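One protein chain, two forms: both are listed below as structure tokens, the first as structure 1 and the second as structure 2.
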Structure 1
């Protein structure tokens, strides 16, 4: 690897930009995609490797994807959020807990994660969730959850989930419609949140949510809803 390529790769990683390092096995020539010019087939293979988040080979090229960390944005410093934190960390998620209620969102209750005391719409504007972001709302308080969901639906987040019963969600849907979201957008919300494992306790609820996030990310059949 040339110093210039190394410098560019390090800069992309520091800027949290997805980049694929493509090495031609015959002579060691390297490209950084999508920034460098490449034929369509190689560009498509690099894009696919970034989505799959694993190395691959394509017609004599070795493609090594470098993605920014997956992010989990949790709205509500509740017991289920506490239960999710060690799971999310073990799964490689960079987690931020958003809750303007400072009595709940404390470093003592939420060790080792980033805490935002901003209102969710302001927090989302600062965090700018992307295709590697999962967003969950857990407070049951429309004043907190609704602004977060409004922002989430305007983002490219790959997963959006909201805690609450079907009855609670039906009321939430009406409020989101009043905010300008159509049925197709609202259908992105996983509600009731999590895989249906009959979860009752906070750790079980946390497990069901994390499992659904992973299933959605990997395109597993478990993530499909009727």
Structure 2
């Protein structure tokens, strides 16, 4: 890899621009797509690899997509949220914590992540969650969680989870119905949140949630709810 290719690749990664590093395996020649000129078939294969987020080969070229990190949007700067941060970072997520309660959402409690003190409906409107976003609500406070879930259900987020017992969730479902969401939409919400590992402590709850997010992302049977 030439110094020029390396610095261009790192600049694209830093700018969160999707880029495919294409390497001709016979001689090591490299292209960065879509920026560089390439024949149509290779350009199409690179574009498809970026969408699929999966490396592939095309006529002797190895196509290695580099997409911006997946996003984790956590509503509620609570203890379990703190426990999730290092796990999420190690798992490749860029995390934003949303909590209008400034006493909870401090940089000291939440090092290394983006903090939003907006109300969740405003925060979600600004963040525009997409198919590479996971949304988790942890406050137990309907004033904060409900508008976040309302926005989450209208987004393409691949994972939506809400902390709270079955009873809490049943009441939440009623409120979301009144907000106009049908049962199929509401069924997207994982509640009680997380894989059932009998989590008790904040790190255990964080682990169960992160494990469920990965299981959902990878299409694992564990992620299916009866």
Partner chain sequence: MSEDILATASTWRDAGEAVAIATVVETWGSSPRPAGSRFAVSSSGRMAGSVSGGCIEGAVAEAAAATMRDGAPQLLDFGISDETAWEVGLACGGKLKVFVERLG
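Bear in mind the structure is a predicted one, so any value in this text is a computation, not a measurement. Numbering follows the first chain given and starts at 1. In this text, the rigid core denotes the largest set of C-alpha atoms whose superposition between the two forms falls within 1.5 Å.
The form predicted together with the partner chain corresponds to structure 2; structure 1 is the other form. Listed options 106, 47, 175, 68 include one hinge residue for the rigid-part rotation between structures 1 and 2, namely 68. Two rigid parts move between structures 1 and 2, and the turn of the smaller against the larger, rounded to whole degrees, is 40°. Once the two forms are overlaid on the core, residue 64 shows a Cα shift of 3.3 Å between structures 1 and 2. Core-superposed comparison between structures 1 and 2: residue 22 shows a Cα shift of 7.2 Å.
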